[in-house]
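Encoded as structure tokens, the following chain is the form predicted on its own, with no partner shown.
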Amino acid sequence: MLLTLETEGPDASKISYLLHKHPDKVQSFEMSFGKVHVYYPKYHENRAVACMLLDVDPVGMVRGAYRESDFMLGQYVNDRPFVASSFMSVAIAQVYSSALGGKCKDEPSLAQTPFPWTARIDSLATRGDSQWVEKVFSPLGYQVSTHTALLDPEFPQWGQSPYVQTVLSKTCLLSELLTHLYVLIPAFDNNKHYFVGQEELDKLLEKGEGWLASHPHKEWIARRYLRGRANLVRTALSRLIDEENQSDPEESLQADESTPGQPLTPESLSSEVPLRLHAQRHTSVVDELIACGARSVLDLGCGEGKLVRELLGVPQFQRILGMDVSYKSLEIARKRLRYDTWDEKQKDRVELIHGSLIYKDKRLHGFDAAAVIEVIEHLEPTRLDSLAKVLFMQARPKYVILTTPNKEYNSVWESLPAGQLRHQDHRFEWTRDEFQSWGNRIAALYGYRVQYKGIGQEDPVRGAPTQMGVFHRD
């Protein structure tokens, strides 16, 4: 099986630095299933082509742990030497390990430089449905070209071959391209030469971070990558949905935060309202936390650390814990807060952790108050009971300050089409009655009292753009 990577431009010849493979010779690597050869059929200043050829040994596979078929002859006569499969992913991970990890020893800046790539996979297994190639790669920004042929021209009644020649084109980092191929090639093939267990689940989530959660066909990818193992697929989808839904809401809101529509009452609402609303939301939450006397605070769904930064400016808050489901957001938060430059006293005061709001977590116990700002609307409604149980019964802070958009206010923005939610990632938005109905039920169930307030300039009929519930446990 063959994987070809091609790039053009003034720095095309630097592909050898990215791949860590010398262009003047064929390099071979021993693998458990055969050999991998890397060579450059074209290597010029403005154009370079690198090929990875897998020479799979069917007999060696039988001697190892791999079994393609319970049929004895099927162990020797199969498509493994010719089709892009999990063998290709293993080869990418081992032979192109530095490039996959986004590293370039000789010229580090190259690893962070986008190149115009064309990747060719000679034989991608689609099991007779080549449309899935387009469905899977197009949402990732690739231009996709496929070629199919009859299984055997002499026997047209046998139909189309299940194997497709695929060409993918995109300007991106090489690490991004290789990561997508690493995950998606074995998902298409759906036959693995290794045991699919927790380790493969971890690899899927690690390599899929930042793109798989938002993919429209993540369920198909997870199911195929994990070979239909129901428990692993459920876990993967649950964690992917959490990552997608709990991405930094303050940064991602479109109509609410960054789309300055023309309000219906210009004398009372200016085009600067979206910017002021963002600040007002945090100010209102911090004021509530100060008023309730909290000394330790949870920021659940902390995103890139904007509220944490404001809490740091209040000496009253002696212990602050920010939690988010996205590693990437937490990394950004640490950079923006300059966390690595803090002394031990500052680090003892603030902690940033990775976690989900819908799973029990002992690290959340023992805090005076919790802030949940513009988070719940990113969850599926069926998951709200799990969130409530984790927050109000298990973590059980004395105060919970929770904000969410007021759906009634959406019509104030003419730029927001009627019936459309404020952000494409919102799973729902509540009217004031709906929010209060939910809040009253939760308060009664877990022994809290709740008070409702509006944040932002109020409309006489529609109320404020953001609604806040302040929960208090006696």
Ligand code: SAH
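Please read these numbers as outputs of a predicted model, since none were measured by experiment. In this text, residue numbers run from 1 along the sequence as written.
The next section is about a form of this same protein that is not shown, the form predicted in complex with S-adenosyl-L-homocysteine.
From the list 197-205, 302-310, 140-148, 389-397, the contact stretch for S-adenosyl-L-homocysteine in the predicted bound form under a 4.5 Å heavy atom rule is 302-310. Heavy atoms of Leu232 never reach within 4.5 Å of S-adenosyl-L-homocysteine in the predicted bound form, leaving it off the interface. At the 4.5 Å threshold, heavy atoms of Met88 stay clear of S-adenosyl-L-homocysteine in the predicted bound form, well away from it. Among heavy atoms of Ile92, none comes within 4.5 Å of S-adenosyl-L-homocysteine in the predicted bound form.
Mapping the unseen interface onto this chain, Arg224 falls outside it, with no heavy atom inside 4.5 Å of S-adenosyl-L-homocysteine in the predicted bound form. With the partner removed from view, the residue among Ser175, Ser326, Ser284, Thr118 that has a non-hydrogen atom within 4.5 Å of S-adenosyl-L-homocysteine in the predicted bound form turns out to be Ser326.
Checking Leu357, Val297, Ala99, Ile185 against S-adenosyl-L-homocysteine in the predicted bound form, a heavy atom within 4.5 Å turns up for just one residue: Leu357. Scanning 363-384 for heavy atoms within 4.5 Å of S-adenosyl-L-homocysteine in the predicted bound form gives Ile373, Glu374, Val375, His378, Leu379 in sequence order.
Between Leu100 and Val325, the C-alpha separation grows by 3 Å or more in the predicted bound form, relative to the conformation displayed. With a change of no less than 3 Å, the CA-CA distance between Val183 and Arg383 is smaller in the predicted bound form than in the form shown.
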